[in-house]
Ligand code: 3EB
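Here's a solo chain for you in C-alpha cells, the form predicted on its own.
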C-alpha cells in the first residue's frame, strides 16, 4: 500500500472468530452485521445489526465486519447510528412495520432519514446500500412488497431532489429476511463513485413498468477510490439479461448466468487483478438443496482465495433462485 492510503477491511467471520477479531480491531470497526443466530459481542462504536437470514454450510452465525486502518469515530443523527474514518461514512437503521403501515411508506421514511443523515455529515454521495425485509415476494395492498419498496424509495429520491441516473445512484441489493424490521445499512462518501453498468443488462432504473410502478434504483456496480484505495462494489446480481429473468426453474443455469454477469462487470475495471486483490462474496440461495452446486460453481469461478458466505434467502423476484453480491479491493497499490 502507498503511504497515506487508507485500507478498508471486509471480513466474513464465524462465531468462533468474531470476538477476537473485534478486540484486535478495537477503535477501527466501522460496522458489524450478523446473520443467523445472534451472539453477544464486544462493544463497537455502533451496536451490531442483526438480520434474520439463516446461514448455510453448517454455521449457525456469520458476521460481516467492515474496518478501517484509520481511527473510527461514532456519529448519530435522525435516529441513525453511524461511524466515519474521515474518508467513508457508514450508517444503519432498523424500522419496524406497524399495523396499518405499508412497506412503501416505511421505505420512503427510511430514505428521507438517510438523505438527511448523509447531508448533515457532508458525505452526500451514497456508494453502497443493503436492504433486508421479510415477505419480500408477498402481496401488500395489491402490489408485491419489493415493488412497493421501490415506490417508496423513488419518492424519497424525488423529494430530496436527487437525480435517478448513473451520476447519483448507488450500488445496492434487497433481500428477503425471515422476520423483523426493514433493516438498511449503507456506505457514503464525500466524492461520488463511478457507475459501472453491464452491457448485457438494461440499467435497473430504466426497467419497464411490468416490474412495478417505479423501477429499482441501483447501478450494477460502482467503482470508488476511498482514501486512495480502489474499491469495486457489485450490486445484487442474478440471472437477468436485458431486463428478463432467464432459465426459469433451472438453478444450475441461473448460477452460470449470474457468474457470467459478474465476470462481465469485473472485465470493465482496469485495476482488477484476482491474484493481488481481495474478492468477497455474499451468495443468497432460495433453495437449500442447491447449495453444493452453487458452492462448486463459485469456487470454480473465483478460486479458494475468494471468501464467500452463503445465506438462505428469498430473492427480489420470485422466479430468481439465487443472487450474488461482491466487493473487490485492490491492495496492490
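Residue numbers count along the first chain shown, from 1. Please read these numbers as outputs of a predicted model, since none were measured by experiment.
The same protein also has a form predicted in complex with the named molecule, omitted here; what follows describes it.
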Legend entry - Partner-contacting position among 169, 93, 89, 174 - heavy atom within 4.5 Å of the named molecule in the predicted complex: 174
Inset, instruction - Give a yes or no on whether each residue among 33, 37 and 54 has a heavy atom within 4.5 Å of the named molecule in the predicted complex. - result: no
Inset, instruction - Select, from the options 114-122, 236-244, 190-198, 98-106, the stretch whose residues sit within 4.5 angstroms of the named molecule in the predicted complex by heavy atom distance. - result: 236-244
Inset, instruction - Evaluate residue 216 for contact with the named molecule in the predicted complex, applying a 4.5 angstroms cut-off between non-hydrogen atoms, and reply yes or no. - result: yes
Legend entry - residue 207 within 4.5 Å of the named molecule in the predicted complex, heavy atoms: yes
Legend entry - Contact of residue 255 with the named molecule in the predicted complex (heavy atom, 4.5 Å): no
Inset, instruction - Report yes if any heavy atom of residue 316 sits within 4.5 Å of a heavy atom of the named molecule in the predicted complex; otherwise report no. - result: yes
Inset, instruction - Counting only non-hydrogen atoms and a 4.5 Å cut-off, give the residues of 131-151 close to the named molecule in the predicted complex. - result: 131, 146, 150
